[in-house]
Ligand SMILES: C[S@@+](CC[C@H](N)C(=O)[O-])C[C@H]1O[C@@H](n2cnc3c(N)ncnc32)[C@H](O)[C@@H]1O
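Here we start with a single chain on its own, the form predicted on its own, put down as structure tokens.
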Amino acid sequence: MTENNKNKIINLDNLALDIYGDRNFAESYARKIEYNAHNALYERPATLSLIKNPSGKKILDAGCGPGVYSSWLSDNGACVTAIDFSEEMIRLTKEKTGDSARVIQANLNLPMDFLEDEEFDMIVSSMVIHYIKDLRKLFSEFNRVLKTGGELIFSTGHPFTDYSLHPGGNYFETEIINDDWSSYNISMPSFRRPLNELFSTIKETDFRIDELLEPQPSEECRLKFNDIYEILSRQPWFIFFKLIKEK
């Protein structure tokens, strides 16, 4: 399935793969998210606050990127399986985790047939679902591989901010938007979805919302990136969910 977006043909099953699969971008991205405002000092503290204690748990890092969470989870006692579609991100995750994680290249738009039913205690999916074409299929797979009572923790772009930055479309429709990532000199495509679609997907795939976060930026963000801190203090950039598999 393809869609014409600003004269560019996009494969919706591989959205942004050409960017994340570029070695120069992947290595630059891996370096910057270790210290930057939006990832290191805003997204990561919020996600870690939902994970709490991973020791002894079997955890799937779904869309592992360069392996930041896989490494942290392994270092904190989890048995980690990491998945990403980008060959470059898989390479970086293997370099970062060594032998401490099982790392698999796979497209999250497709069934995860290589994973067992009820295999995991937790799934962590950081800033991934806005690249996925069919959320119900993905969340159904997440449900399948989670144990009953298991946790799904994910972050994504906040629908309010996505629409405020791209007001030309229809908020109530799922649409492709392109964000200017000026520090990388690229335009990054993703799916913008209304909040009610997230909630309906959660309900229809038998998850219950345990926690929802619209976090404030950290004090460290204020000290290091005060201009970004001021923006994030007034406008929620990302939204975070902790779900429980009910059945």
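Please read these numbers as outputs of a predicted model, since none were measured by experiment. Residue numbers here begin at 1 and follow the sequence given.
The same protein also has a form predicted together with the ligand, omitted here; what follows describes it.
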Please tell me which of I132, L115, I176, M122 lies within 4.5 Å of the ligand in the predicted bound form, judged by heavy atoms.
I132
Given that the ligand is left out here, which of N109, S71, T161, N143 has a heavy atom within 4.5 Å of it in the predicted bound form?
N109
Going by heavy atoms within 4.5 Å, which of 79-87, 161-169, 94-102, 143-151 lines up against the ligand in the predicted bound form?
79-87
Consider S126 of the chain shown here, and say whether it contacts the ligand in the predicted bound form, taking contact as heavy atoms within 4.5 Å.
yes
Do F207 and the ligand come within 4.5 Å of each other in the predicted bound form, heavy atoms counted?
no
Give a yes/no on whether Y29 approaches the ligand to within 4.5 Å in the predicted bound form, heavy atoms considered.
yes
Taking the shortest heavy atom distance, is I33 within 4.5 Å of the ligand in the predicted bound form?
yes
